[in-house]
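Only one chain is included here, represented as structure tokens and corresponding to the form predicted alone.
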């Protein structure tokens, strides 16, 4: 009986929805690293507008609640695309009607895949700002004597940045980036806000009181039991992540001699 209950169609969909969480976490983390490197590079640029842009990105995005960006960016992007579609597909009368979208041809129906892509970009933008701040501090932790020696040997500014500063800053950045990863992993619980049937949404559906007119009450409110499963899932991901980052720190520190008393970023 219990085996049949936990292997019915709804539960199988719940198990399959784990992939949405994992895809959003790993793709969002990859984009966060990219945005983090770009943001940190902009903050260290000799071109003043780039420095202002990098500072504005790391300061403003870190100060805005995550859930607002998760809701704002996909909605703004969706309506922006529909606005461009409306300019081409709708007549002047329809554009002046005041309705949205102005005509049926301007309606953009998004699939789960497209919402998932926008969720990954949103996660990358938000946590890229945190990663940029960590990377910026890690670059400052690289001993200046090594950078001066590289300059004395004739390396260009770009070569010093990529071959020395970026290469050596990882050992200082990884502890901070592990914290950013943990925050990003927890934020995957917001995927249901973007109309993605993720593990949190399915836990809500499956745990809610289940009543059928013919069969009566199948089970009362079991949501806490399903949420307990989610607690265990995220704890497992946390433990695995801790071991993975410890491995990365050991690998990044090979062949490097850190200054005594240097602290992690």
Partner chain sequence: MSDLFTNFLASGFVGDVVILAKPALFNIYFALASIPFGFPFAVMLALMKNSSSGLVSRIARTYIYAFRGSPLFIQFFMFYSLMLAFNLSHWKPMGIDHIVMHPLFIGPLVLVLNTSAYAAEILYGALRAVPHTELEAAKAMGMNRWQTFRSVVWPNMIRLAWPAYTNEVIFLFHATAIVYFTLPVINEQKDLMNKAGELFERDYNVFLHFSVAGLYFLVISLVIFFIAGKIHQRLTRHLVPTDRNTMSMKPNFMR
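Positions refer to the first chain, counted from 1. Values in this document were obtained by computation on a predicted structure and should not be read as measured data.
Absent from the display: the form predicted together with the partner chain. The rest refers to it.
Undergrad: Pick from 155 to 163, 139 to 147, 109 to 117, 68 to 76: which stretch has a heavy atom within 4.5 Å of the partner chain in the model of the complex?
TA: Answer to the contact question: 68 to 76.
Undergrad: Within 4.5 Å, heavy atoms only, which of 37, 208, 53, 64 is in contact with the partner chain in the model of the complex?
TA: Going through each option in turn, the one that passes is 64.
Undergrad: Verify the contact flag for residue 176: yes if a non-hydrogen atom of it lies within 4.5 Å of a non-hydrogen atom of the partner chain in the model of the complex, no if not.
TA: Yes.
Undergrad: Hey, in the model of the complex, does residue 183 get a heavy atom within 4.5 angstroms of the partner chain?
TA: Residue 183: contacts the partner chain in the model of the complex.
Undergrad: Does residue 200 reach the partner chain in the model of the complex, with heavy atoms at most 4.5 Å apart?
TA: Residue 200: yes, in contact with the partner chain in the model of the complex.
Undergrad: Is there a non-hydrogen atom of residue 48 within 4.5 angstroms of a non-hydrogen atom of the partner chain in the model of the complex?
TA: No, no contact at 4.5 Å.
Undergrad: Across 108 to 144, which residues bring a heavy atom to within 4.5 Å of the partner chain in the model of the complex?
TA: Heavy-atom contacts to the partner chain in the model of the complex: 129, 130, 133, 134.
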